[in-house]
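Heads up, the chain below is alone and in the form predicted alone; it's given as structure tokens.
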């Protein structure tokens, strides 16, 4: 696994004249078809984050003031399923990427080959009993309810959100996203003492997702960074992702106002993008 990178939306150039400089032609066309401000902001944040991650992997990393031409060389497009893929100077990059955003921050995971990878970012926040019953398996729900209430390390909210996040990462690897019943994947988190992360925050800990209908095992990693949890998944075992140069410090990130509530049916239709 090559690495991961986080960026916040406060650094993304406003959707004005500057946007034309760092987006590819195809990305500008896609942006022009997005009508709602929230969707445009998410689109720009994800592209900004992915482009910096790819450039960091290629050894072309710089600060937020990177020349627009370098960013424009990287095009982040979407397959019919919604999953992202990357072109460099119009040609396939040869590695898989996965994108996620939440509360004004985005994360890009860059793989080291053609196998699918998945990443998901979630706020650690309370989940209702109805949510746990509807979207977690019976075994997962029992583990959540056995935890003490609260959003701190080891608390009920952290476990519920980490399990939910790991399901999203696994479903991205499977190529279905939330169009599939989340209970089709059962997640087991390993919760031994975390190592210190690259910026002093908690390090990665292993997780396993098992797809019930096929028996496929999807190994991955999870971590707690401040108010967020991040999870990854892949087709085969891999080392914990390395933090890429120019990443923001997610452990110290301040979440922005959470996005407005939306019916779960709408979330399912959004796909794994």
Ligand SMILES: CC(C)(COP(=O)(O)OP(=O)(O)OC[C@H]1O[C@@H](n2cnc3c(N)ncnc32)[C@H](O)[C@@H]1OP(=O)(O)O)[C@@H](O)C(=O)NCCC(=O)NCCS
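Keep in mind that what you see is a predicted model, and the values were worked out from it rather than measured. Residue numbers count along the first chain shown, from 1.
One more form of this protein exists, namely the form predicted together with the named molecule; it is left out here, but the text below deals with it.
Colleague: Select from the listed residues 71, 136, 159, 83 the one whose heavy atoms reach within 4.5 Å of the named molecule in the model of the complex.
Modeller: Flagged contact: 83.
Colleague: Do residue 188 and the named molecule share at least one heavy atom pair within 4.5 Å in the model of the complex?
Modeller: Residue 188: no contact with the named molecule in the model of the complex.
Colleague: When the contact criterion is heavy atoms within 4.5 Å, does residue 179 count as touching the named molecule in the model of the complex?
Modeller: Residue 179: contacts the named molecule in the model of the complex.
Colleague: Verify the contact flag for residue 205: yes if a non-hydrogen atom of it lies within 4.5 Å of a non-hydrogen atom of the named molecule in the model of the complex, no if not.
Modeller: Although the named molecule is absent here, residue 205 would stay clear of it in the model of the complex, with no heavy atoms inside 4.5 Å.
Colleague: Wondering, does residue 168 line up within 4.5 Å of the named molecule in the model of the complex on heavy atoms?
Modeller: Result yes; residue 168 sits at the interface with the named molecule in the model of the complex.
Colleague: Hey, of 38 to 46, 235 to 243, 211 to 219, 51 to 59, which bit sits against the named molecule in the model of the complex at 4.5 Å between non-hydrogen atoms?
Modeller: Only one stretch passes the 4.5 Å heavy-atom test: 38 to 46.
Colleague: Though the partner is not shown here, which residues of 101 to 120 have a heavy atom within 4.5 Å of the named molecule in the model of the complex?
Modeller: Contacting residues: 101, 120.
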